[in-house]
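In structure tokens, one chain follows: the form predicted on its own.
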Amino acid sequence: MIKLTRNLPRALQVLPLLALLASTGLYAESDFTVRGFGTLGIAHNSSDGAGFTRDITQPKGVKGGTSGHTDSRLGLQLSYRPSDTWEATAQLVSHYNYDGKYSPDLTWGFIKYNPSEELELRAGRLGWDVYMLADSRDVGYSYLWVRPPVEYYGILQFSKLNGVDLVVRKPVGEGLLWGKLFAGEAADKLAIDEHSYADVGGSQLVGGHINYQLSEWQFRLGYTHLELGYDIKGDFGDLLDMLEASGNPVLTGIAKGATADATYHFMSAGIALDRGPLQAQLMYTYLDSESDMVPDFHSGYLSVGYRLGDWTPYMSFSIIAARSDIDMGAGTPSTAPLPPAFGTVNIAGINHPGQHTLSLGARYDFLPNMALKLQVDRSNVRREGRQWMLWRDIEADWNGRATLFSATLDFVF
């Protein structure tokens, strides 16, 4: 049975209007601009063993059926530019979020000072572009795929931060060298399941990246230091409160370990090529974790597409592999018995992602600012731990394999 969002059929009725807006622009004057973007999507999961999610903000995945929740979203961007050096921008995005609703989220809300082509300073709510393309991952029209590779982008804890960033650009040789420094606090809520979420607001981030653009090539190196703090709400939060109040040293240790602040280091590298009809990207990141609950892991992807007229067939391979030797501390069992009301908690691997996906697809640009995409994904998941980072409602006998069929209509206006 197709589980489309309640408003998706209604949205389909306004596609002719969106096509007109996409070709003309919604509203634009010299100092005030209104633009938007959106995706109408459906995804079908052949497996009923686990629910597929696009990223860790989604509380429920598509499982053994079809859903319009996974990829559908709508965004609106407003900009005011009173002079050549000052600009104010706000962006609202509505998508399936941590509480199962589509409440609009302020993803951008900043003031920009741009005194020259070499210097740019922003303050306010900013996108967290820790990886190449991460700042635009809600804008489906801006990339080839139905969705950014989940093994790489889906596990990002944050999409935005409240803070400042500084960009410096300088011609070097035949190319352009530019870098960004940023610092701020996270402002996100992450789904654990349909009844629980983690509020990571206030977590401290500082980092930057350096880029070199040479003709059709772009190279990038990045680093982010994250001091993660969070408050778990809902049923899982209530369970942790009861464990901590149990008086059992093992159970108390579990509760404290699950909510302890932790430090993470993100190191990333990327290469992108845009040469006429050929588009290719190779990305890699390494997470150095100082948390006992989250292991170090590597992730990356390779993507290649080739444009043939209005069609662009593409393929991608993405992977995430976590360190298997999680150190839970001396004397702490990997599975701890709980009071009868709770059953058993599996400690090791609660955040232990490990999977790879091969994707084949095609993009059809049938109007100047609208594109239809079709994609097939074959995922193989290592069956260890709870793995709530990328999958939901996992059956005990799931073999770790799933095939996903997806279609999206992406537009900008």
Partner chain sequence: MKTLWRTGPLLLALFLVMVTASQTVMAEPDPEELVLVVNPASGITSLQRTEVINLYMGRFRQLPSGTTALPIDLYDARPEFYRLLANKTLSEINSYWARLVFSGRASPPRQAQDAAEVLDIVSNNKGAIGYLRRKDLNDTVQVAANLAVWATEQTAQLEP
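The shown structure was predicted, so the numbers you read here are calculated from the model rather than taken from an experiment. Numbering follows the first chain given and starts at 1.
Note that the form predicted together with the partner chain isn't included here; everything after this is about it.
Contact annotation: Asp365 falls within 4.5 Å of the partner chain in the predicted bound form, judged by heavy atom distances.
Heavy atoms of Asp274 reach within 4.5 Å of the partner chain in the predicted bound form, making it an interface residue. Shown alone here, Gly201 lies farther than 4.5 Å from the partner chain in the predicted bound form, counting heavy atoms only. Though the partner is left out of this view, Asp288 does not reach within 4.5 Å of the partner chain in the predicted bound form, counting heavy atoms only. Checking 245-253, 139-147, 221-229, 288-296 against the partner chain in the predicted bound form, the stretch whose residues place heavy atoms within 4.5 Å of it is 139-147. If you check the partner chain in the predicted bound form, you find a heavy atom from every one of Phe37, Gln77 and Leu133 within 4.5 Å. Contact annotation: of the candidates Pro171, Pro313, Pro104, Pro82, the single residue with a non-hydrogen atom within 4.5 angstroms of the partner chain in the predicted bound form is Pro171. Site annotation in the predicted bound form: the residue of Asn162, Gln213, Thr259, Ser196 reaching within 4.5 Å of the partner chain with a heavy atom is Gln213. Contacts to the partner chain in the predicted bound form (heavy atom within 4.5 Å) from stretch 108-139: Trp108, Phe110, Lys112, Glu117, Glu118, Glu120, Arg122, Leu133, Asp135, Ser136, Val139.
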